[in-house]
Ligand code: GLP
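To begin, one chain is listed below as C-alpha cells, in the form predicted on its own.
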Amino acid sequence: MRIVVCEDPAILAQQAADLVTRFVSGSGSGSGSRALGLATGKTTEDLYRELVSRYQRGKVSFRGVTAFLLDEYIGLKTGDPNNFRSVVCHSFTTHVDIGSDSLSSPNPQASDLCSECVRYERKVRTASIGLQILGIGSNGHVAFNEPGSSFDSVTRVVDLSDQTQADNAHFFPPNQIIPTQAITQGIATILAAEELLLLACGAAKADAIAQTIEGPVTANVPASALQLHPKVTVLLNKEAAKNLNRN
C-alpha cells in the first residue's frame, strides 16, 4: 500500500489525475484493461474537475475507456440529480469523450433487484476493472459496504447505516427523504480490480483512515480489506492523515 499525504485537496486531485491519466493512456503497468471504476463524493468531484480540465486542454483522452459505477441509491426517481449516475455524468463523463453507452451502473428501478445485482456483478467481473477509484465513509465503509460486511461479499442490496445517511444528508434538499438502501459492489468485487486508488480529505475521515491503513483487517472497518490487495495507492490531505502513526 502506497500512502501519499498531500498539502491540500488541489494537489491531491492533481496527483490522483496523474494516476488516472497514466491508466487511460496505457502507460501504466498492468494487463491493459481499459475498464475504469468510478466513485462519487466531494473528493472525487475535485478529481473529475481536474480530469475534465486536462481533457479540454488535450492532455488526456478517454476514448475506448469503459466506466463502471461502484453503487447507486435505491428509491430516487430516474433523473434525480442525486442519483450517482446523474452526479458522475454531470461532473465528469458528459464533459469528456466517454460515450454514454460506455458508462455502466446498477439499475435501482429494476423490477427484480436481486437479478439486477447478479447482472451487474457479472458485467463488472467480465470487464475486469483495471483501476478502481474509491472514497471512504467516516465509519470505514467502502462503496456502500457498511461495517459488518463480509470480505467475500458481491454486488447486492444493502441497508445504509444511520451514520451514512446522516453523513450524506447535506447532498439532499432539506425536504427530500434520504435513501435508506442502495445497490453496491461487494468487497470481493472491489478487490478483484487490478489497482485501487483511495482518496480521502478532511478530519472527519481521519479515524477511518487510521483504522483502514494501520488497524487490524476486520469487517468492523470494511475499508481495512484494502490491506489485502497487492496494488493500492492512498492519497490523503493532512487532515485525513493526522491520526496515522507514520505521518
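One rule holds for the numbers: they count along the sequence shown, beginning at 1. Only a predicted model underlies this, so the values are computations on that prediction, with no experimental measurement involved.
Separately, the form predicted in complex with this ligand exists; it is not shown, and the next lines address it.
For the candidate set Ser150, Ser128, Ser102, Asn168, a heavy atom within 4.5 Å of this ligand in the model of the complex is found for exactly one residue, namely Asn168. When this ligand is considered in the model of the complex, only one residue from Gly186, Gly37, Pro179, Gly41 comes within 4.5 Å through any heavy atom, namely Gly41. Shown alone here, Phe84 lies within 4.5 Å of this ligand in the model of the complex, counting heavy atoms only.
This ligand is not drawn, but in the model of the complex it has no heavy atom within 4.5 Å of Pro108. Residue contact check for Tyr120: none of its heavy atoms lie within 4.5 Å of this ligand in the model of the complex. Under a 4.5 angstroms non-hydrogen atom cutoff, this ligand in the model of the complex has Ile136 among its neighbouring residues.
This chain is displayed without this ligand, yet in the model of the complex the stretch 69-77 from 108-116, 151-159, 90-98, 69-77 comes within 4.5 Å of it by heavy atoms. Interface residues of 106-131, taken as those with a heavy atom within 4.5 Å of this ligand in the model of the complex (partner not displayed), are absent.
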